[in-house]
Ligand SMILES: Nc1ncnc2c1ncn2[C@@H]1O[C@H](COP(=O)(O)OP(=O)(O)O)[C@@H](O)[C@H]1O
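Before any questions on how it binds or moves, here is one chain, the form predicted alone, in structure tokens.
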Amino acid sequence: MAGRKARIIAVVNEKGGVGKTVTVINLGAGLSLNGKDVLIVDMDPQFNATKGVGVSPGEDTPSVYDVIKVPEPVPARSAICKTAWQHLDLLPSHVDLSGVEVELVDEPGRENRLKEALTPVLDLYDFILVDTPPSLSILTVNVLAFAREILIPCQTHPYAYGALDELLETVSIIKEEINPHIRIMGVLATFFDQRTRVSNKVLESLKADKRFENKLFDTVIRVNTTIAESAYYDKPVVFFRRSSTGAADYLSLSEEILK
């Protein structure tokens, strides 16, 4: 599509276990079902997003590590691979990515390695969704330097809600010093269990939080065992069991973003 330029969405939270990877995989799948060309970029050395779309990183398979490494990075196009599903591509991760912190420490412009690598493919996609590691590292900074929008999954648990202060401070620093174009597109409540008082209380707190006024998604990702089951089979839940509440929630999120 001529003139197309991808929306670049980073799925970020410095706390682990809040549903980042699950959101990247299933939002990507949901958008692809709507006919959008999607690239998932796995920036986590644990490569769960890579496995989650059925790709096993091999020793000789180029990965995002090869794309941002120094010297002699490989072009992003040669590392991007197709998944089993139409409209859904992947730039896989690899355990080698964990060494990037040390390799780039003295490299000028190290925070822009990902941006420089992926700029040539922006017109190939409608959406680029980037999974991030659960910590603030040079990998996360690279993602935030590249992205235009941030989606924050927040588990409906007091610890996860409390950890948002630190994340917002990080985003503010990145916006001021590295990427003035970045903005928070939305906060997504995850692991919501309507049977528990604590889940309901945290969701109410998110709704009442002035910092997220008009930024909390209407869609809530409910606790659903089918999501974990689909991960076991290395499939997005929308392709694994379309009738599940997990699939319904992520399709709802996809439609909300498209609107």
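Small disclaimer: the values here were computed from a predicted structure and weren't measured. Residues carry their position along the shown sequence, with the first being 1.
Note that the form predicted in complex with the ligand isn't included here; everything after this is about it.
- The stretch in contact with the ligand in the predicted bound form, judged by heavy atoms within 4.5 Å, is 221-229, chosen from 56-64, 205-213, 34-42, 221-229.
- The closest non-hydrogen atom of residue 191 lies within 4.5 Å of the ligand in the predicted bound form.
- Contact annotation for residue 18: at least one heavy atom lies within 4.5 Å of the ligand in the predicted bound form.
- Using a 4.5 Å cutoff between non-hydrogen atoms, residue 238 does not count as a contact of the ligand in the predicted bound form.
- In the predicted bound form, residue 22 approaches the ligand with a heavy atom inside 4.5 Å.
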